[in-house]
Ligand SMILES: CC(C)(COP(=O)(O)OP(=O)(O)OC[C@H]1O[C@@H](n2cnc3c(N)ncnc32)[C@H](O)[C@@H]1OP(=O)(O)O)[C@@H](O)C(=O)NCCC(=O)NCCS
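Take a look at this single chain in structure tokens; it is the form predicted alone.
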Amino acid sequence: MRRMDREELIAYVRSHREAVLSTIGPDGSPQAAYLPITATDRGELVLDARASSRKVANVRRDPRVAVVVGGADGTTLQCEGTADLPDGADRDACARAYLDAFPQFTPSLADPDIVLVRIRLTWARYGDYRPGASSSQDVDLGVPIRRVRPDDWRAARALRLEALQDEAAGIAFLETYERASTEPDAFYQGRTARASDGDDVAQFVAVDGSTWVGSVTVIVQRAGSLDYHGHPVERSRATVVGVYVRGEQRGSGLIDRLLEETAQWARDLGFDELTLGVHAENARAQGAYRRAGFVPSGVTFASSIGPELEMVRRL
């Protein structure tokens, strides 16, 4: 059975619409409730409850919860996570998701005694116990990664400009914010369209709900051409460029997953290695690349941002 991902989990919860929620009582014993539930675009589970209910009291005291969705159709989704009572913009986002699923509860959410409970998952397992199936697998809860689409150019531009303002941008990117911010829309439309299809360049992005949180691009450099430093390319190769992950996602393993997407793309095209250049003083980036399987090739060179070294990952 193929592993369920976060987008499929969201679709499953939204289609089933009901669940059993287990919270931890004041004496440590489990307490359960059967209730309507839905999911936000980020994969958070959302339900409503009376502020005076025991489930809310339990969550305030101990946020650990368990949820089971499904069962009647022979499939189940078992979940564990931490619950809270969101406010401000977070509550607004949860309310939109909840009312999209249950518009009939609009009057309830206007009641000051009704609160929204948000559950951020730390583990989930999908089981299919229908005749002839009988299997289960843990769900991949990571931020979804996909290749860009031509109409993504505005989001691609915004993330690129954000990356070029990062504190390490001066030793991470050859392009500057000042130059990139003055490029016309047609520039980003063309660049995104080229990266969305074909075998010359591909951009992969991590999208958390509607928020872009990471990006990496891989380009094919043909033998006999010049690379982006103006150096002759002796052997056709796939090269990683434009790596960026937002601060809140650093250390989450997202960069490893993005780089794995580029590796698979290059592997599918028949390449046996993936290369990249990294500034000699960019220790943070070098550490991330080493964790993703890259090692120094021994090649060093000077670029417009200073001394760089080449790193290679065998595919």
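Residues carry their position along the shown sequence, with the first being 1. These figures come from a predicted structure and were not determined experimentally.
Keep in mind the form predicted together with the named molecule is missing from the figure; the text below concerns it.
Trainee: Would Ala39, Ala49 and Arg91 all count as contacting the named molecule in the predicted complex, using a 4.5 Å heavy atom cut-off?
Mentor: Checking in the predicted complex: none of Ala39, Ala49 and Arg91 is within 4.5 Å of the named molecule.
Trainee: Just checking whether Arg284 would be counted as a contact of the named molecule in the predicted complex - the rule being heavy atoms within 4.5 angstroms.
Mentor: Yes, Arg284 sits close enough to the named molecule in the predicted complex that at least one of its heavy atoms falls within 4.5 Å.
Trainee: Heavy atoms within 4.5 Å of the named molecule in the predicted complex: does Asp166 have any?
Mentor: Taking the distances in the predicted complex, the answer for Asp166 is yes, it comes within 4.5 Å of the named molecule.
Trainee: Test of understanding: in the predicted complex, would Tyr126 fall inside 4.5 Å of the named molecule by heavy atoms?
Mentor: No, Tyr126 is distant from the partner.
Trainee: Can Val68 be called a contact residue for the named molecule in the predicted complex at 4.5 Å between heavy atoms?
Mentor: It does not: once the named molecule is placed as it appears in the predicted complex, Val68 has no heavy atom within 4.5 Å of it.
Trainee: With the named molecule left out of view, which of Gln31, Ser53, Gln249, Thr275 would have a heavy atom within 4.5 Å of it in the predicted complex?
Mentor: Contact check passes for Gln249.
Trainee: Pick from Ala155, Ala172, Ala101, Ile145: which residue has any heavy atom within 4.5 angstroms of the named molecule in the predicted complex?
Mentor: It is Ala172 that has a heavy atom within 4.5 Å of the partner.
Trainee: Heavy atoms within 4.5 Å of the named molecule in the predicted complex: which stretch in 137-145, 80-88, 114-122, 236-244 meets that?
Mentor: Comparing against the named molecule in the predicted complex, the contact stretch is 236-244.
Trainee: Select from 288-313 the residues with a non-hydrogen atom within 4.5 Å of the named molecule in the predicted complex and write them out in sequence order.
Mentor: Stretch hits, in order: Ala288, Tyr289, Arg291.
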